[in-house]
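The chain below stands alone, shown as structure tokens; this is the form predicted alone.
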């Protein structure tokens, strides 16, 4: 359409990636097709940000291994990359802060100021101004599965202001699973309903329910996971002898980082 502006989009996926699967990579392709089919967006990049070790999820192996497996998985992609910033933080970082970090990084790269010293204040002001309005420029959207969307309703997992920041200011692309009903969940949440126009629901018609949990179970039992993960990731797992019964018990007695932070709970 003549005069119609196209918004450039960067998709950001946060999560454990323990390990990264073909479905994780497939989510990026599905989201790009969906957004670009609207005629309103051009997806220019995908970023995978594995969570740090301080998240304390049961069975979460070291970030250095998850980062390397994600790097291997993205080698075949010309637009999806892995970023290590979140993984390298000594404390768990809320997803809203991760989104904020990447959005500011993208704006700085987009603006490409020449004289950093003399425009430091102007650059900070420009970031803050653009933080609240995308105009026709760059937009960062959080890419997730329906399980993440539904986790917004779990007590003490998310701060309400963080959900408002992620969905209201940036936007969410949610890939549905066969047994999920994201529309019903959005309808039942006043906060998500308020920002419903910023939530893009993508239905995967070719059912693919690859789960990292199921993959780890198969690996513990010595069963094949070929065609569920990239071959390079499988080779890395075997080379480093990852995912055993022992590793699955890691953090078993530790309270998940968000619950520790928002309720004051601690490990037993």
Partner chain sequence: MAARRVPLVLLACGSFNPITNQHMRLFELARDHMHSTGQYQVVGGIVSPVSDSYGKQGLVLAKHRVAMAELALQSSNWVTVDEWESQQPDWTETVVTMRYHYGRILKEYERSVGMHNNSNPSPQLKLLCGADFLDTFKIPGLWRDDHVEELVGHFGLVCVSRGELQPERAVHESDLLSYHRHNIFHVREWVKNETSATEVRRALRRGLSVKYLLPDSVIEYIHRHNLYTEDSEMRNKSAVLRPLVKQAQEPVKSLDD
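Numbering follows the first chain given and starts at 1. Computed from a predicted model, the values in this text were never measured in an experiment.
Keep in mind that the form predicted in complex with its partner chain is not shown, yet the notes after this line are about it.
Engineer: Please pick, from 225, 237, 199, 43, the one residue with any non-hydrogen atom lying within 4.5 angstroms of its partner chain in the model of the complex.
Structural biologist: By the 4.5 Å heavy-atom cutoff, the listed residue in contact is 225.
Engineer: Looking at 180, 151, 84, 77, which has any heavy atom no more than 4.5 Å from its partner chain in the model of the complex?
Structural biologist: In short, 77.
Engineer: Pick from 49-57, 239-247, 62-70, 28-36: which stretch has non-hydrogen atoms within 4.5 Å of its partner chain in the model of the complex?
Structural biologist: Selected range: 28-36.
Engineer: At the 4.5 Å heavy atom threshold, is residue 208 in contact with its partner chain in the model of the complex?
Structural biologist: Residue 208: yes, in contact with its partner chain in the model of the complex.
Engineer: Hey, in the model of the complex, does residue 214 get a heavy atom within 4.5 angstroms of its partner chain?
Structural biologist: Looking in the model of the complex, residue contacts with its partner chain include residue 214, since a heavy atom lies within 4.5 Å.
Engineer: Quick check on residue 22: any heavy atom within 4.5 Å of its partner chain in the model of the complex?
Structural biologist: Residue 22: yes, in contact with its partner chain in the model of the complex.
Engineer: Taking its partner chain in the model of the complex, which residues of 230-245 have any heavy atom within 4.5 Å of it?
Structural biologist: Heavy-atom contacts to its partner chain in the model of the complex: only 231.
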